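Below sits a lone chain in structure tokens, taken as the form predicted alone.
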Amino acid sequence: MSFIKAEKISYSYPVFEDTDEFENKKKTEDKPAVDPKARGEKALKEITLEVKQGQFLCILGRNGSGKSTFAKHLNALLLPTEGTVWVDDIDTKSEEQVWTIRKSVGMVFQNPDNQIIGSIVDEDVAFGLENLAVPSEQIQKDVTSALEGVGMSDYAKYSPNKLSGGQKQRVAVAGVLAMAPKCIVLDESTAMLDPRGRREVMETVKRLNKEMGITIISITHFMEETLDADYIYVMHKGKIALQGTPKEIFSRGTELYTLGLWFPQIYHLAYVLRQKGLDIPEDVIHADELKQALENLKKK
């Protein structure tokens, strides 16, 4: 049964007419400025997909593909211009159910500094619960559990300013986790982190998925982050261009390249080795799979 279902959704950002910017450009540029009325091109175009409860799903695409716009539809931050999004059988256009939807689907955004507002880590994680008037004793239990869930218990009394980027993002995840969501959406949540920080965050959310059954939807352009996904959707110019399991997606290397994407490092290395004449299976995408393939060659 689907937890999230999008059916033929399209979205166009609002157009603002007669802006000062438009008038100034008309006066100062040799070429005619783009009329604001013409800026209403659809950012999403008839997107249809389903997410099952407990699934780890990735939405992949280069910048400008529409993936972050789609992410904001998953907890009613944006509403489709056309089509329908259901979250746990609730239409996101239902105004009276918006907070139910947002409690079910938590969002973690790109910059952790924009999400962390508390001066102490545990106070920040407690913020959402306090706004819901949860009793103090329960807040403490939920905050403790959330920090344990992301491996940040030892930093409960730290100032967020003393944390690394990856640690800050794990605190942001804890703030969402404390609300007991059924689903966590990571909207380019590792884009501003170094490789170590990205690894910390992705290991955390994978564990939440496997151990707690929380549905994870990761919006990303980092190919390595998608290797352990149950399913991948690849977006391009507001549409779903490809979909399938990681092995199915990365076996279509030429198509990925035309969409402005590249291969994961292990897949690329396996490809190079095949070009050198080594008998490496074409569906190798993980390091342990490549290691096993090379060990099998030694035995021949």
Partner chain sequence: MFKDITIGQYYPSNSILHRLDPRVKLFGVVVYIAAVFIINNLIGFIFLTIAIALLIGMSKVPLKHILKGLRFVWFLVALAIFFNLFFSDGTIIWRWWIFHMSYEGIYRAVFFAVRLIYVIVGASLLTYTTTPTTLTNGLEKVFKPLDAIHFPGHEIAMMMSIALRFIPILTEEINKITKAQLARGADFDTGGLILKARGMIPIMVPLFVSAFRRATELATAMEARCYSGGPNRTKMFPLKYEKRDKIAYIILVLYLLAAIGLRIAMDHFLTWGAV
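Please read all numbers here as calculations on a predicted model, not as lab measurements. Positions refer to the first chain, counted from 1.
Not on display, but discussed next: the form predicted in complex with the partner chain.
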If we define contact as a non-hydrogen atom of the residue within 4.5 angstroms of the partner, is K93 a contact of the partner chain in the model of the complex?
no
Exercise: F127 in contact with the partner chain in the model of the complex, heavy atom 4.5 Å
yes
Is it the case that D113, even though its partner is missing from this view, gets within 4.5 Å of the partner chain in the model of the complex, heavy atoms only?
yes
Does the partner chain get within 4.5 angstroms of any non-hydrogen atom of R102 in the model of the complex?
yes
Where, among 199 to 207, 81 to 89, 114 to 122, 212 to 220, do residues come within 4.5 Å of the partner chain in the model of the complex by heavy atom distance?
114 to 122
The one option of A71, V143, V150, I184 with any heavy atom within 4.5 Å of the partner chain in the model of the complex is V143
The partner chain: the contacting residue among N75, Q167, T226, T190 in the model of the complex [heavy atom, 4.5 Å]:
N75
What I'd like checked is whether Q243, R252 and I266 together line the partner chain in the model of the complex, meaning each has a non-hydrogen atom within 4.5 Å of it.
no
Residues in 128 to 151 close to the partner chain in the model of the complex, defined by a heavy atom within 4.5 Å, in order:
G128, L129, E130, N131, L132, A133, V134, S136, I139, Q140, V143
